[in-house]
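Okay, here we've got a single chain as structure tokens, the form predicted alone, with questions on binding and movement later.
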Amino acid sequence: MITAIPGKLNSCHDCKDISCAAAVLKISELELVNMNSLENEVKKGDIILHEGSMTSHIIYLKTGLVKEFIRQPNGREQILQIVKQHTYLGLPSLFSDRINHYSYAALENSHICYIDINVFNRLIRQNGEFAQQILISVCKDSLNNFNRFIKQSHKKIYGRVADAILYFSGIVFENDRFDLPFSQREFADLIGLSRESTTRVLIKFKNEGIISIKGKSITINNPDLLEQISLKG
């Protein structure tokens, strides 16, 4: 369930979670965003955007963690990436057919802002610096995901699992110790493996002292060896 925060009249200009793109907007432009946006609280597990729905708003993830995924014909999720705070959701639809091609679900309690898509488009047309920051964001995500999927397609099970651990450590949490934000089944969905195969490799890495596992917490004990496994695939 997505709950609107009552009395959302906070100035976007004073927001401590402002994006790099919004930071280059003029005060009048920020006021325009403020008048055409709504802040919501999202609970863990809530679907923020549904694949196949029409795009009426661009969503800004102020705080929290979100998974971007598509639903395969067999009903299984293909998780494309983990989205961190201070990121816009739904940008690919902005520049294409106005249909959401991905679903987004909260991995933890989060705060989001719905921004009217027409206002967002207007800002892109009239503020070159803002448009540049948005394009940088889109290109960065596209390249990161493309490179990750290409590398993943050429690797065997051990390389894929090592890649996923390094992805969480280096990209998502920027720490050698982190808590998986979802189940091992979803971890497997991220790398396109079965849960059983993924679990076997995690246990092997644990038994060899490469990582430590306690519940959902993973600690990388030997990052150099994990990097070698990732590179060799």
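All residue numbers refer to positions in the sequence shown, first residue = 1. Worth saying up front: this structure is predicted, and the values here are computed from it rather than measured.
Not on display, but discussed next: the form predicted together with the DNA.
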Can all three of S183, S194 and S197 be found with a heavy atom no more than 4.5 Å from the DNA in the predicted bound form?
yes
I need the one stretch from 168 to 176, 63 to 71, 49 to 57, 185 to 193 whose residues put non-hydrogen atoms within 4.5 angstroms of the DNA in the predicted bound form.
185 to 193
Hey, in the predicted bound form, is I203 touching the DNA, heavy atoms inside 4.5 Å?
yes
Hey, in the predicted bound form, does R76 get a heavy atom within 4.5 angstroms of the DNA?
yes
Do H111 and the DNA share at least one heavy atom pair within 4.5 Å in the predicted bound form?
no
Taking the shortest heavy atom distance, is I157 within 4.5 Å of the DNA in the predicted bound form?
yes
